[in-house]
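In what follows, one protein chain appears twice in different forms, each by itself as structure tokens: structure 1 and structure 2.
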Structure 1
């Protein structure tokens, strides 16, 4: 792409300011900027045209497999799950491409030390949890780690420096997710430097596309013969991955996906709840819930939308292949976006200053025909690290780790 072509393209989408400093750049920087403009997908940044998640549709409750039932059939499910794991049918996908802006930690979130007296980076904590299953199954589980352009090098380096925290590195693969531009409140794309647009990871919804677009990871999925992918967030330090009981229960249920859920702490808790929308499994966000839905009860007298997702899903890979080319909704999310100001200084804002455009993994569930809603004990499996303190924070996660007897 040359300068004239870039100007034409940017004029059409009202983003001419991206070339504001072009003439003062050196040759290398000019090339870099033009090539970034060429490879950037600007189609998502029009807030008015974005394929927003639909607000219409009939919401109904979706029953969960509750702890009591799970405990009764635990051994049976575990055997089914372990059998699938031993036949390398199960892969684990760690979503670690996020920027963790709420935590405000400069490095990848997985490098954050959740320990107090001991050094316990979140990545280590997760690998130790997965090792429990490795020991039980007697084999390693293929682990795919999604990073972004922003944190890939740091993440890979950290795993190497730490000898993969004892995990067999033959079973670990990294892949990088796609990026998308971020804009200010007037819809203008932010610049990060005079020769660079500010790009940020395009949300956790693109994980399967990125996984399959990467030759190495796509062929690993084939070679291992992986039929199920367990996908989970980096920031839940009590996360149980490739949990044989969950895997077994989902396989036995005949569903094409499963979601670990916890009973909501209260009807106003800010987590998405499992339900059905237009007959498909769906995750209703807390801000979408009307007072009427909040008050609705099921046959046993419990709130009908009582089970919140914890970003731990199981998907059948052949079913994901069927939906991968569908048009996923794009969520416009207000965030803190580092940018270059008028004086050419790089600014890291303290509060939100614009929008990012993200695809979310929860929308994949809605594209599928069914989902096993699988209850887990909140106190044992849910300790998210989103903020420095307060709710879902370093402080609350440390408390929960201690309660679970983890040495920190």
Structure 2
């Protein structure tokens, strides 16, 4: 893209100010800004036209495949899952674009040492969990790691320095999450510097488009012949990825997606709960749960909305392609956005000053026709590291690792 093309594009969307300082820039900065303009998706910034998710609809319970039923057919499911893995039909996607800020750690969250007496970065713990399946299947699982512009270099270098923690690097691909522009309350895109637009990650629902927009990772999906993608977040140090039993149960069920869930600790636990909305699978957020829904019981007398998601999902790739070709819902979120003011000063606001735009993985679930709700044992597969201490913290995760015999 050259300057004239950029001017034409920005004029159409009333964002000409992005080139305000162009003539002051050096050649490299000019190239960088034009490249950023060319690669930025400006379609989300019209908040009057944005395809926001509907809040209307009928909520009803969605039954889960419970532990007892899973254990009865465990060996059957495992063989189905292992067969799919051995034929390279299953890939794993690690969402690792965040920093460890809430842990007091100014590096990629996956680099945080969860160990006490031994060095145990979160990335290493997750790779060791995945290696359990590699050993059982007798083959490696293609692993795609989503980073962000901010943490990509640190993450890639960390894996290289540590020899990929024993994982065969031929099966590992990194890709950077796509970004969306940030705007003020009038819909004007913020500048972060004279040669840079203010951008933010496009939400955890943007993982598949980001994966497929990267030429290397998109071609790897085709080359391996991957039919299923197991996507999970960096937070949970106990989770099982490419779990053959989960994969097999989802394939056997005929569903196009699966979601690992745990029985909620209490009705007010801050996790999204699986249910149905307008006949489709849906994840209702804890803050959307009315007292009436919390009190509702199923046929066995248990709470009807009793299973919380742990951000470990399995998707059929052909079904994902269908929904990204549709109008994917975009959430408009009010945020504090650092920006460059009219005087060229960099400002870090103390209160919200504009909007960011995000797609959420829960909307991917809702756009699919069905989802297998698959219960796992909470103390064996759910140890989120979200806070420094307290609930879902470094402290609680370490205790759960010890309970599961992990040396830390």
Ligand code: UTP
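Numbering follows the first chain given and starts at 1. From a predicted model like this one, the values you see are computed outputs, not experimental measurements. For the two forms, the rigid core is made up of the largest set of C-alpha atoms that agree within 1.5 Å on superposition.
It is structure 2 that shows the chain in the form predicted on its own. Relative to the superposed core, residue 385 undergoes a C-alpha shift smaller than 2 Å between structures 1 and 2. With the core held fixed, residue 267 shows a CA shift below 2 Å between structures 1 and 2. When two forms of a protein are overlaid on their rigid core, residues whose CA moves 2 Å or more are considered shifted, and residue 351 is one of them between structures 1 and 2.
Shown is the Cα shift of residue 102 between structures 1 and 2 after rigid core superposition, which amounts to 2.7 Å.
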